[in-house]
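In structure tokens, the next block holds one chain alone, the form predicted alone.
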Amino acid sequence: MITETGLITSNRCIARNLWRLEIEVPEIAYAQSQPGQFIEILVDVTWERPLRCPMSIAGIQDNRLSIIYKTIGISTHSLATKQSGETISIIGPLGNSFSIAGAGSIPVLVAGGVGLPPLLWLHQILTKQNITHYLVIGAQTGEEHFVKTDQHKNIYLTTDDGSLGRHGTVIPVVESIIDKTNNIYIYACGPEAMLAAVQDTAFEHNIGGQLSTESYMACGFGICQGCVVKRRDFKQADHSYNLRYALVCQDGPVFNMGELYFG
């Protein structure tokens, strides 16, 4: 874990309420960060907003780290006002990362909403390694998509309102891939409802995978206890908080497909 003052090199809107921020952070960039890990950003140094914002890493190139964020609250709206040349405090890389499935597996990357960044980075790595894989991205409306659909490259889009790509959730697309592809391994990140649906689909077809959970992680390293998730396979007769629950920041954010209970 490194605390570094980063130099903002770019901060631009890429879709409705979605922004891409690029920051020069040489120490963090060279710390062998991997898809799935996150950073904590101190957006404003004020008494009104003393907590940092957790952001998934969307990619690292040379000494620049990028994130993709949605303007949904005071802190993210403030972040959108930052200009190139300004500096910002970053802690990272934090959390664990996705691990690449064994040889012969076909990765299926499933992203919902702002769950796309870590999977977009994983998609870039798999593409560079010439590993055949699928990328399925869901959003509420077409205005929130910035990746183009390309079935020749196995990239599929869905929207809740049917304005772009397939109408509905990502699940029917995932099921269609399952029907025509063997030895699938799923990677998913997005809202809890989507992760629960992906998990159910994986269980139904006996498919392995990894889920990256979204949670507000105020500290990023287990002190605040604000990112608790429930484990599925808790079998202790006596109550044990540490065995019954996991912390997204410390034990995740990436978990094995059957490790968490969404209910």
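All of these numbers come straight from a predicted model, not from anything done at the bench. In case it trips you up, residue 1 is the first one in the sequence shown, and so on.
Beyond what is shown, the protein has a form predicted together with a small molecule; the following relates to that form.
Asks: Tell me, which of L65, A202, M55, L195 has a heavy atom within 4.5 angstroms of the small molecule in the predicted bound form?
Replies: For this set of options, the contacting one is M55.
Asks: Spell out, yes or no, whether the shortest heavy atom distance between F221 and the small molecule in the predicted bound form is within 4.5 Å.
Replies: F221: no contact with the small molecule in the predicted bound form.
Asks: Is K70 a contact residue for the small molecule in the predicted bound form, using a 4.5 Å heavy atom cut-off?
Replies: Judged by the heavy-atom cut-off of 4.5 Å, K70 is in contact with the small molecule in the predicted bound form.
Asks: Consider T76 of the chain shown here, and say whether it contacts the small molecule in the predicted bound form, taking contact as heavy atoms within 4.5 Å.
Replies: It does: once the small molecule is placed as it appears in the predicted bound form, T76 has a heavy atom within 4.5 Å of it.
Asks: Any chance L51 has a heavy atom within 4.5 Å of the small molecule in the predicted bound form?
Replies: Yes.
Asks: Which single stretch, out of 150 to 158, 111 to 119, 130 to 138, 163 to 171, brings residue heavy atoms within 4.5 Å of the small molecule in the predicted bound form?
Replies: In short, 111 to 119.
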